[in-house]
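The chain that follows stands alone, in the form predicted on its own, written as structure tokens.
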Amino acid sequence: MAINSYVHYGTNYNNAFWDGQQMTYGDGDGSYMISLSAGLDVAAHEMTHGVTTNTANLQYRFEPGALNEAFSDIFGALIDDANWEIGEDIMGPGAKADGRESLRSLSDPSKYPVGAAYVPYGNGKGKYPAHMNEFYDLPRNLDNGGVHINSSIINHAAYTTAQDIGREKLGKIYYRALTVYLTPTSDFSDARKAIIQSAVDLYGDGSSEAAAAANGFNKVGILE
């Protein structure tokens, strides 16, 4: 299908988004962010939202929305495969001076703080969560119920699996889960089942790939 992108959006706009039909990129304010279209992983993240819209169509709220964001981060990190960070190429000098080298980290989610408004809904540490015991029970009016915040739990599960089986196999497994098994209301538990089943489909029951898929979810406390 056609891939449409709108660039130079707004003035000093520190964001990029998929609106259901096309991608839009701001130029940043020059301090916190530079042009968001400069980041390969950012572009891949937004394109993956398009894939999700046209496959699982995960609802953009609460756990389905966090899965939606996680799949975009995961494929962003698989396509821009230099590291497991998202947005490292779009951070401006002001952000870097404050220690913000990227937007999110799949390998170490807790290296970055969440916004102050989110802190009371977590475990009090105010960091992006890497485990279900750090889950943010956010209301709908804050980050659509935690779509960006809680996505880091799924991100970390994927990172953990990739340490066992590599990026290429991880991508195949997660892509199959997204396009074959997940539905608009799928939650984290559904994602575990879909990803393990996808690994079984591709590599066999009892395979090391299926075990690695399960281990990724075990390590972040999504056990069933």
Ligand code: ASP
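Residue indices: 1-based, along the sequence shown. Just so it is clear, the model here is predicted, and its values are computed rather than measured.
There is another form of the same protein, the form predicted together with aspartic acid (ASP); it is not shown, and what comes next is about it.
Novice: Would all three of K169, K172 and Y203 be in contact with aspartic acid (ASP) in the model of the complex, where contact means some heavy atom lies within 4.5 Å?
Specialist: Answer is no for this spot.
Novice: Decide whether K127 counts as a contact residue for aspartic acid (ASP) in the model of the complex under a heavy atom distance cut-off of 4.5 Å.
Specialist: No, no contact at 4.5 Å.
Novice: How about H49: is it within 4.5 Å of aspartic acid (ASP) in the model of the complex, going by heavy atoms?
Specialist: Contact check for H49: yes, within 4.5 Å of aspartic acid (ASP) in the model of the complex.
Novice: Indicate whether aspartic acid (ASP) has at least one heavy atom within 4.5 Å of a heavy atom of S207 in the model of the complex.
Specialist: Taking the distances in the model of the complex, the answer for S207 is no, it never comes within 4.5 Å of aspartic acid (ASP).
Novice: I'd like to check something about Y9: if you look in the model of the complex, is any of its heavy atoms closer than or equal to 4.5 Å to a heavy atom of aspartic acid (ASP)?
Specialist: So Y9 does not count as contacting aspartic acid (ASP).
Novice: Can you name the residues of 47-82 that have a non-hydrogen atom within 4.5 angstroms of aspartic acid (ASP) in the model of the complex?
Specialist: Result: H49, Y60, E69.
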